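Shown here is one chain on its own, the form predicted alone, set out as structure tokens.
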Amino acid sequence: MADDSLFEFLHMEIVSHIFNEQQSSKGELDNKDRAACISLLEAMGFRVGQGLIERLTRDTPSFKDELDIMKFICKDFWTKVFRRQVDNLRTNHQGTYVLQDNKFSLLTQFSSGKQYLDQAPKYLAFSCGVVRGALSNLGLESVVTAEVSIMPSCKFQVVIQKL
């Protein structure tokens, strides 16, 4: 339980630090600066996701298909990273998956409701990167986006890039 709090606090501080660094060097942040900060957080998450999935799949037999990989991400990977399984996984069977987490751990410290919705993207960028990095190491290039309509519920959309 203490580990969860430490990770959540560290995550909040990393996000805060990156945005404050950018703001102190430029003054007021415009959309381009915010995008650069979110991109940096996503890149950090990507590297973390690559490392985590490497450790978690070391003793796992190879996956038979894309859906099998996504099920592993939703059950085992999500449990190790966020301490609970994804609440819902949906797919159109054409490379698009929606993972819904109704109590996303990195958003639970915020007020429930719509008060902080404008702040949500910067706190989800790292997580999007973690998922994208994990999928990349499993051989699936993807685009991962997150959407929040009411806190702390979150939907991650994963679009697998066909090569």
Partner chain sequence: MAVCIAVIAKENYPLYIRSVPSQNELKFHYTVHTSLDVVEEKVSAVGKSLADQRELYLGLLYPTEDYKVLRRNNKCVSLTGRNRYGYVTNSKVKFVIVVDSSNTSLRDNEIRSMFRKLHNSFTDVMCNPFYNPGDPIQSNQHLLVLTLLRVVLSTRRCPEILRWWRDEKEAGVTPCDPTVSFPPTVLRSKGGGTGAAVLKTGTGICLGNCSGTWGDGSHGLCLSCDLLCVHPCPWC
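Residue numbers count along the first chain shown, from 1. These numbers come from a predicted model, not from an experiment.
Another form, the form predicted together with the partner chain, is not on view; read the next lines as being about it.
- Listed residues Q115, Q94, N31, T60 were compared with the partner chain in the model of the complex; T60 is the one with a heavy atom within 4.5 Å.
- Among the residues L138, M70, C37, V131, the one placing a heavy atom within 4.5 Å of the partner chain in the model of the complex is L138.
- Note that among 117 to 125, 99 to 107, 61 to 69, 37 to 45, the stretch whose heavy atoms approach the partner chain to within 4.5 Å in the model of the complex is 61 to 69.
- Residues of 28 to 56 that come within 4.5 Å of the partner chain in the model of the complex, judged by any heavy atom, are R47, Q50, G51, E54, R55 in sequence order.
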